[in-house]
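As structure tokens, one chain now follows by itself in the form predicted on its own.
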Amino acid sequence: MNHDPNEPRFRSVPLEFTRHSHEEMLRRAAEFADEVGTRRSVRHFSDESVPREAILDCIRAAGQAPSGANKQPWTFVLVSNPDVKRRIREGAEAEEREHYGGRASERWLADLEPLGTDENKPFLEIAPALIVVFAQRHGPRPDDQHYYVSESVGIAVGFLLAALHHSGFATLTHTPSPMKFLNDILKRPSNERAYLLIPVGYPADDCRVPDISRKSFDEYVVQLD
């Protein structure tokens, strides 16, 4: 039986898509750009509890990100247990002491200096929740290949950070390196590697952030008409 070249070789369903007027599109785009423009990385958290279901909904939003061959090569581990958070802090600070104590180049340390960061990471215990994002090198079986893993997980993390900010959470993107200790503490399988550690909560009442600026729009946008 010959296959009709006009027929797709995969099962399809009708697209659910809401089309807005140009005016509505402009309004929504501008509001979103303004909202995400207020996001800052926070290192001074309150220990006040936060709504767990809201965080889970943000993770659910992250899980809707596109991925290579629809493999969805990500795992999100939500941690609120104080003992586990303490162990994560201890592991992260051990790696960070190595980083600031000689592993990082002088140039790298100079670039970090205006941000006021160091090897001490108390926010990993103070923040009421941590989300540890893992990238799956392959599926449960080695022959279950995944594609564009870093790109796919990066897109999902972008969805997650935007959703958390939109929902009213303060966040930080933290990448102690190497992060193998997270696999050990959280008992993740060998096909997963830690990708990002995200403290989530409310900012402390006295929270301050570095006085930094963003590139101007024209510095990072090229328009070809």
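The numbering used is simple: start at 1 and walk along the sequence shown. Source: prediction; values computed, not measured.
The same protein has a further form, the form predicted in complex with 3-iodo-tyrosine (IYR), not shown here; the description that follows concerns it.
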Only one of 139-147, 113-121, 126-134, 79-87 has heavy atoms within 4.5 Å of 3-iodo-tyrosine (IYR) in the predicted bound form; I'd like to know which.
113-121
Within a 4.5 Å heavy atom cut-off, is H99 in contact with 3-iodo-tyrosine (IYR) in the predicted bound form?
yes
In the predicted bound form, is there a heavy atom of 3-iodo-tyrosine (IYR) that lies within 4.5 Å of any heavy atom of T175, even though the partner is absent here?
yes
